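One chain comes next, on its own, written as structure tokens: the form predicted alone.
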């Protein structure tokens, strides 16, 4: 579904990503971990096509469509969604208005002039513990950390993209909210279905790894200094990072890689 090849990205003339290779198949969930400043969010911004993130080498393909030359809004229409780490406050725009925009996008731009909450939207809102009154508040204005994250997930539920980029979904959220967010992410990504049935894919970026107590990933990658230092089984990589930090995980992955290369020779 998503294929990134030899990707190099600059921001303000500084190289922030270099030689990124990543392939996420249909129905797969990949974890991307790394310390602050390693380039995790830069990768998401490059996939979305934010202008300040300049691709200087390589390719980003989504369903075999080359993305590097098309604008952000077109990438979203192709079926890419995102839950931002720190989404902006939008004064004067109600959360309900935002949900209606997401629904129109999901229905290929069909217009509904009435700013009304139908049964499907209400059910989704209630699943994330929002009542109808809350939906008439300005987007993210005065929201707690948990409310902000849940509002992002609600917009994704309604938008229904094929590939979702989650930027730090467990950041600034208490345990109760992380558990709920994890449950709903599993529902969005069809993780309760057989692997052969799953159609939704995701890249979940996290610094802490807490979200993976609730969401199971198929593969994990560690990003360091703009490069993917190692990839492997999520449980093993995440456990080692939680216990011993990133550096040891990376050293051991590199050592294993050198052994494999030596065996091939």
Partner chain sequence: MNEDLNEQRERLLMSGIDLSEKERSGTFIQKDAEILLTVARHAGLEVMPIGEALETYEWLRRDYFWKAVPADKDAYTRAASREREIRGVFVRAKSGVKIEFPVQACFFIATERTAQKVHNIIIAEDDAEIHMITGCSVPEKFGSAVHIGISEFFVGKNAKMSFAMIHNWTSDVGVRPRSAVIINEGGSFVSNYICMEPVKSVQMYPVAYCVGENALAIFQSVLYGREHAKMDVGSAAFLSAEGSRAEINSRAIATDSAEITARGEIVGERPRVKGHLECRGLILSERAMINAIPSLKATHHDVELSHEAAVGKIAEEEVRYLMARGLSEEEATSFIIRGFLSIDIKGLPEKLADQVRSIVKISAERLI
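Positions refer to the first chain, counted from 1. Model, not experiment: these values are computed from the prediction.
Not on display, but discussed next: the form predicted together with its partner chain.
- Look at 118-126, 169-177, 185-193, 92-100: in the predicted complex, residues with non-hydrogen atoms within 4.5 angstroms of its partner chain sit in 92-100.
- The shortest heavy atom separation between residue 158 and its partner chain in the predicted complex exceeds 4.5 Å.
- Remark: residue 136 does not count among the residues lining its partner chain in the predicted complex, judged by a heavy atom distance of 4.5 Å or less.
- Proximity of residue 146 to its partner chain in the predicted complex falls outside the 4.5 Å heavy atom cutoff.
- Taking the partner from elsewhere, residue 51 is found to have a heavy atom lying within 4.5 Å of its partner chain in the predicted complex.
- In sequence order, 72, 73, 76, 77, 82, 84, 86 are the residues of 59-86 having a heavy atom within 4.5 Å of its partner chain in the predicted complex; the partner itself is omitted from this view.
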